Every structure is written in structure tokens, then in C-alpha cells.
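Encoded as C-alpha cells, the following chain is the form predicted on its own, with no partner shown.
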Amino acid sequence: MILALAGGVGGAKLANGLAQLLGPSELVIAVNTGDDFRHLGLHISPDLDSVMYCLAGVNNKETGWGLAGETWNFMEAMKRLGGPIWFKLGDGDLATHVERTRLLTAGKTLSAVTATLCERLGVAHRIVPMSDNNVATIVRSKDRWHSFQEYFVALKCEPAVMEIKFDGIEFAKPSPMLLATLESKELEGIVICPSNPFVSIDPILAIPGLRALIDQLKVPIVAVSPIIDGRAVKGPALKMMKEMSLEPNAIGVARYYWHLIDGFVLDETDSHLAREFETFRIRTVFADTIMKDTNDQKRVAGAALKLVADLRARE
């Protein structure tokens, strides 16, 4: 069994690649929920939906988020009424949020609701929230704190990031399936997807007791770099690294994960960094990590799984 930690578009793409290579019983995808928020009275789970839509094959491949063939009648009507339109909700996507909110209001956990939505969309692999408790990522710029969606969508990541916190994290517990996977004797490795380390992976690792539990595991932990040739494929990861005085390249990502990972997958365009990686006590491999389609996703997932297997063989 492989546990993938995911969030954002990059996380969804690699999660789908892993799902193409591993059976439903061989993969658990734990997804960041620090991005979750209430909007128009609805519970929105952006990262869960990105992963779910991608594995269901209904995602918008051009934007990386939302549904393919989406229509926007609801947003047009909201605009005419003078309501908030800064966060775009397509008509089909809106149905997901309404049904999630309905089920949560009826007393179901986010884990149970996610499982139900996945089943209805034909997703056989297990996609689980990092926690059933509410956790909210907030970002401090020079002048004030912003909710993550305000920073990411409304402000388009323009304010400089000074600090990141996860409201409610002290009360959060790992979701039941995430905990069960980490405690399973069948777990063979953990793959950290090429997600933003600070706002997609850190919220998962910040759940009390989770990092200690991972540190005790005797399975390889492999990360795939979200930074390729000094650029972030999507999202504000590189910008955040610069603002937080971290080296803005794959070396900076590896150094950030250094005490956690055993292996690191970098893009082949970063092969010139090979000598610098000799100072790290982690095994590095170079591959074509650009993921434009399903075949690309399978290729990158295969590189990560091979590294996991190689590290297991060396134990």
C-alpha cells in the first residue's frame, strides 16, 4: 500500500498517475483541507474536489481545477444580483458543494461525505481528507492576516507572505483512514506529491502527533519537486519561497523536506544541481516531471514508485 499526500493541481495530477498504476486497495490519497472554507453558506473543499474530479476523469484539464464543460449561469445570476463573485462556482461544481453541505449538515463526517461523492463519481481509489476537523490556512502579509482563499483567489497571491498559520490545527485529529493507513503493516511507502509544501503539505503534517507517527515508520518517504528549473509549474510556491528567504529552486524544496524524506524526484532540467544534492543524505533521481496528460502522470508516478521500491530494497 502507498500513501500519497496531496493538494492543489500538481497533487491531483500525480495522485491520478498513481491511481493508474496502483489498484484501489493499494493506494490511499490523503488530501489537504486547510483550503476548505464556507462560501455562500456552502462548505467548499477545493483540494479534495481537484483530486476527486481528476481521478473521476471529469476535471477541467486547461485550468487544472473545476469541471470540464462547465457552465456559469449561477455566477451570471449572482452578478446581476450584486452578490459576491470573486470565487467562481460553476453550475456543475456548485452541485458538489451543495450536496457536500447537505450531507455534512445531516451529521456525516467529511470522510464519509468524500467517500460518498467519490462513489457517485465512479472513483474506486480511496481519497480521504487529512482530518474531519475544521482547519483553516491563514496567511499574514505585511498589513494583516488573510484567509487562504482571500489571499489565493481574491488577492491573486499578490501580498508578500510573512507567516502562515493553520487555525484549529491544535484540535485536529487525522481522519480515520489516514490514521489506519499509517498504522497498517501493509504500508510500503509514502509519496509527497508535487504540491505547495507550505499550504498543501504542511497542513497535513501539522496535525498533532502525525509527524511523530510518520517519523517512527520504517518505510521510504519520497517527494516529487513542485519546482522545475527554478519555476513553479502552477501556484505561488516559488514566490512564497523567495518571500520566506528559502532558496527558490528544487534545492530549497529538498532542504525544506530534508528531515522527513528519504528520496527526491527532480526534473531532468535540474540535473545541473546533482553535485549540490550530494551533501544531502537523501537519494535523488532525475526524470521528466512535466505532467500535461495521463501518460505524463503515469510516467512521473512510475518514477516515484520505482524510487520507493529501490529504497526498500536497500533496507
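All of these numbers come straight from a predicted model, not from anything done at the bench. Residue numbers run from 1 along the displayed sequence.
Unshown form predicted in complex with a small molecule; subsequent notes refer to it.
The partner is not drawn, yet in the predicted complex one stretch among 84 to 92, 237 to 245, 133 to 141, 162 to 170 has residues with heavy atoms inside 4.5 Å of the small molecule: 84 to 92. For the options 98, 153, 112, 217, the one in contact with the small molecule in the predicted complex, meaning a heavy atom within 4.5 Å, is 153. Shown without its partner, this chain lists 257, 277, 286, 65 as candidates; in the predicted complex, only 65 has a non-hydrogen atom within 4.5 angstroms of the small molecule. By the criterion of a heavy atom within 4.5 Å, residue 149 is counted among the residues contacting the small molecule in the predicted complex.
Mapping the unseen interface onto this chain, residue 263 falls outside it, with no heavy atom inside 4.5 Å of the small molecule in the predicted complex.
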